[in-house]
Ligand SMILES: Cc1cc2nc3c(=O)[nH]c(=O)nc-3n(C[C@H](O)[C@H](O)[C@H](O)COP(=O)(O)O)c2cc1C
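Only one chain comes next, encoded as structure tokens, the form predicted alone.
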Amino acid sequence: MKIYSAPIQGFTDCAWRNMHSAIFANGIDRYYAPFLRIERGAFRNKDLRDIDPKNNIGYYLVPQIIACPVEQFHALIEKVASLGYREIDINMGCPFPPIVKRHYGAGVLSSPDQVAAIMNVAKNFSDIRFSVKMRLGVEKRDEWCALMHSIESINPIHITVHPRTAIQQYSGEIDMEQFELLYSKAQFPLVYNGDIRSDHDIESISATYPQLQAIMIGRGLLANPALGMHMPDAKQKIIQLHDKLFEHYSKHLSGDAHLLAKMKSLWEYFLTETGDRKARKKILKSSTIEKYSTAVDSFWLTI
């Protein structure tokens, strides 16, 4: 089964993608960038740098744009296309409440008319292929049913489905009953996303749904960058990834305070399923780069 790396704002930036793809060579089939958006009438330079082809070499990157009012949506496609990309992922899955309240991201799932309008914009770009990342709905778990005709009209490369609603965010039970119904009815390739934390999870989903195009992993891949790759030297590669990221951010962030904040944020997900908890807590409580480095060195001895 193919493995795709899910986009996670603040974590899977081009630095992480570059380091991960180089160290875990051929472990991931596609990387998806966090969504491009328009803020205060303009694109964020930070986001444009993140998807600049010059900053993403050696792996297959798919830029993502967020579902939003059609005027912005058209501009987002044009901007990504101007960078040379001919494949774009449409984010209809972001459950962050301020996003949903504005009817962006997963917030469009309760509005079939808005989804239809978005897809009609996409159809104007005949030289671009689109995929869609979505949830089951905003509040109701069957809201996806009313959207399938519009989504199918763009002949999507695939649909990635996280079987939760937007209001659930990342907690509560995944609704595999609804996913199975979508799986049985889909007229397009499907990708599964959600709560993949172990090799067993990958194997179980692959065996249960053999027609899937791929499994997309987000938080699970941040927690275990070697997930699904069965590498005998996984520990050494994970340590190498950390050290390369530390080296990169040391050069590109201004001052120890910013570096420390960035590296500690990495540990929000990083290796949460392994290692000594007390050693991990020392990393999160470290107040200087020196204390951070000492705590990290101690943690490596526990995994």
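Only a predicted model underlies this, so the values are computations on that prediction, with no experimental measurement involved. Numbers for residues come from their place in the sequence shown, where the first is 1.
Note that the form predicted in complex with the named molecule isn't included here; everything after this is about it.
- For the named molecule in the model of the complex, the listed stretch (78-86, 102-110, 193-201, 140-148) containing residues with heavy atoms inside 4.5 Å is 193-201.
- Residue contact check for Tyr249: none of its heavy atoms lie within 4.5 Å of the named molecule in the model of the complex.
- Contact between Asn91 and the named molecule in the model of the complex is found at the 4.5 Å heavy atom cutoff.
- In the model of the complex, the named molecule lies within 4.5 Å of some heavy atom of Ile8.
- By the criterion of a heavy atom within 4.5 Å, Ile217 is counted among the residues contacting the named molecule in the model of the complex.
- The candidate site formed by Phe35, His162 and Tyr269 is fully in contact with the named molecule in the model of the complex, as each residue has a non-hydrogen atom within 4.5 angstroms of it.
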